[in-house]
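Quick heads-up: it's one chain on its own, the form predicted alone, in structure tokens.
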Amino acid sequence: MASDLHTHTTYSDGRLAPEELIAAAKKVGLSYLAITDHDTVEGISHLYENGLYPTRGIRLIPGIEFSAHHPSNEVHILGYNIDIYHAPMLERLNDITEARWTRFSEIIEKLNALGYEISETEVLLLADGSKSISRSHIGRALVKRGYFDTIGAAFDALIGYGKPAYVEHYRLEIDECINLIKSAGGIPVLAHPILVEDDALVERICRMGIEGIEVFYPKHDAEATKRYLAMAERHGLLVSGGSDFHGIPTRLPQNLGDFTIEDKWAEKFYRPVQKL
């Protein structure tokens, strides 16, 4: 059997609602599924409050993916089995959400000043209720307007790092992300270490109290997978993996189930649901 511990829903920048993601996971026969939206747990709380978590036919792991601050590298921290109602974590997530809204408005202002006529309203309509508005949503609006053929092209020309409409966004420090996850009863895991682009930094993060590393990832070739598996063993870390599924046609993997991990890795992160 197969599992996926890294997926996104419409509550951040995924294309499937939480219910749709679970249905797709059941359809392709996944045993374990983790929902790890960017800087929010509202997809999981939506399921719980509507009587859809826990759900029959699949073992669901409540998760999150924090975008951590680093001056020069991309660092994301996954959290598994977090208490989605843990007050200190929710307070910091509210801070991140408020900062996202401010950044969103500033990017739109920059785009308008550059001659790209898109509004906050049309981006919000494309975001379909997500409270975690991202540059991907803005990119989709630019594509729909006909300014670019792909979201990637919009990033390369305008909204990517250092581009004319880029605005830095608020991130928590790496150690705070790790500590928040632990305080919420969860397991902190370094996401897609290949994207950090600095294995020396990855090694340092492994010594900061992280408890796992995402060894299996679509952009990890055989050599990288072997290297990070050895790193996990060296530091005594849990081994994780997932597709980073968003459901975006131009972003691999395009279909849930295209990239999976063995259940033997996923089962170590699963805990039976307790009453919240």
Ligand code: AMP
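Heads up: residue numbers just count along the shown sequence, starting at 1. Because the structure is a prediction, the values reported are computed rather than measured.
Below, we refer to the form predicted together with the named molecule, which is not included among the displayed structures.
Original post:
Can you say which of 175-183, 134-142, 108-116, 201-209 gets within 4.5 Å of the named molecule in the model of the complex, counting heavy atoms only?
Top reply: Heavy-atom contact with the partner occurs in 134-142.
Note to self: When the contact criterion is heavy atoms within 4.5 Å, does P88 count as touching the named molecule in the model of the complex?
What the structure shows: Looking in the model of the complex, residue contacts with the named molecule do not include P88, since no heavy atom lies within 4.5 Å.
Heavy atom of H38 within 4.5 Å of the named molecule in the model of the complex: Output for H38 is yes: heavy atoms within 4.5 Å of the named molecule.
4.5 angstroms heavy atom contact with the named molecule in the model of the complex for R103 | Answer yes; at least one heavy atom of R103 falls within 4.5 Å of the named molecule in the model of the complex.
Close approach of R251 to the named molecule in the model of the complex, 4.5 Å, heavy atom
Yes, R251 is a contact residue.
**OP:** Give a yes or no on whether every one of K26, G247 and D263 sits within 4.5 angstroms of the named molecule in the model of the complex by heavy atom.
**Re:** No residue of the spot touches the named molecule in the model of the complex.
- Option touching the named molecule, based on a heavy atom within 4.5 Å in the model of the complex, out of I194, L93, I151, I187: None of the other options qualify; the answer is I151.
**OP:** Sequence order please: the residues of 157-179 with a heavy atom within 4.5 Å of the named molecule in the model of the complex.
**Re:** Residues within 4.5 Å: H169, R171.
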